[in-house]
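Take a look at this single chain, the form predicted alone, given in structure tokens.
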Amino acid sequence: MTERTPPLHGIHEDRGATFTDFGGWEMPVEFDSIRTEHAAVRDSAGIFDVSHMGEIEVSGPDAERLMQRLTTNDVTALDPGEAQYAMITDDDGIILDDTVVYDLPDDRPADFLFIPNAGHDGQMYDRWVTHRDEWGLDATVENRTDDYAMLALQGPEAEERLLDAVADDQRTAICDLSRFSTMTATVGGVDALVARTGYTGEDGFELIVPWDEAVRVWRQFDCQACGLGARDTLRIEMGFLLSGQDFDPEDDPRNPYEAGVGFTVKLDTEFVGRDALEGVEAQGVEEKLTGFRLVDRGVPREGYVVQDLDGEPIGEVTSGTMSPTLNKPIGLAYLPVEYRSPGVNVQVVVRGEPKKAQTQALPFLDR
């Protein structure tokens, strides 16, 4: 498959970034060092190019019904300018993708926008169109992934950095913008959808801008450029899911209750997978995504075996890293529910050698 590149690719090359393939996109993984970039987001501010994320707009008289029936959260609870985290599940309640649904402000040309993970935009577009047609709903679905770039300005100084870039008459509205709310603003002279969202655990904003204006907006921010390496360590510290690692409908199918995101499931609404998840919620699950930290030296990585103290396998690491903030090796794994409580001793096999580990409550950081 031809690798897709973001509109800022040349800027990143000039900045000296190293790149990686992520969901079919060639994206910057590191600019300076993961630790430097990670620390900037925790202590001041950093900016990420996340243009590999999909953008799909939904409009029309039945747009809300279509969104409600294809995502697990309650879309009707949103007012224009509000957003929510949600799962997209199949008939069996298995997570196909996680997403943020935006009920767009009234001044935007579409009614709803949702954000599939990298490389999932085509699949989700087809899913929305197929179900719309099957249910006979009056809604327009547009895949705008190649029309928009997406930047994430994150960190305790993110608001201050954004205020320097927006029009004077919008500064108060930016300050008043609450978490998971969004507005249209002029950033560096460019009309942008500004959302107080992000995937680092810090305060911050995600900016969705026209593809051809991405460079102009990026240059408004004189702060640490960050790659996907830092985003990964930041999100693991918060216990946030990563598609393809912490859930994968083909290789490791998981439902929202197993994945620790049952709060996104509203069983009093009708959506694909609802009946299956009602049964899961009633019966409980056998495994849950569990945090742990290594007590011994070593770094847990995806696929490493987790075993009990007798050496019997009980799960595999889905995500792991040396936490730059805690300076401790931490990770996530699906383990039997009896290992869910914090402080349970287990072992993680690192390079063939069992290492002492202990389960931890999520998130690893209090934010």
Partner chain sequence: MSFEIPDDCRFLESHEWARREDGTVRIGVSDFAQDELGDVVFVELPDEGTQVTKDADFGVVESIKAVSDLYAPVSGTVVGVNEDLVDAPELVNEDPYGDGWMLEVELDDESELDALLSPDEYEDQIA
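Positions refer to the first chain, counted from 1. Just so it is clear, the structure is predicted and the values come from calculations on it, not from any experiment.
Beyond the structure shown, there is the form predicted together with the partner chain, which is absent from this document and is the topic of what follows.
When the partner chain is considered in the predicted bound form, Arg301 lines it closely, a heavy atom lying within 4.5 Å. Taking the partner from the other structure, the partner chain in the predicted bound form has no heavy atom within 4.5 Å of any heavy atom of Thr264. At the 4.5 Å threshold, heavy atoms of Thr321 reach the partner chain in the predicted bound form.
Within this chain, His9 is remote from the site of the partner chain in the predicted bound form, having no heavy atom within 4.5 Å. Contact with the partner chain, judged by heavy atoms within 4.5 Å in the predicted bound form, is confined among 266-274, 177-185, 291-299, 74-82 to 291-299. For the residues Asn143, Ser243, Gln170, Thr233, the 4.5 Å heavy atom test against the partner chain in the predicted bound form is passed only by Thr233. Listed residues Ala63, Ile34, Ile314, Val317 were compared with the partner chain in the predicted bound form; Ile34 is the one with a heavy atom within 4.5 Å. Taking the partner chain as it sits in the predicted bound form, the stretch 338-358 comes within 4.5 angstroms of it through a non-hydrogen atom at Arg351, Lys355.
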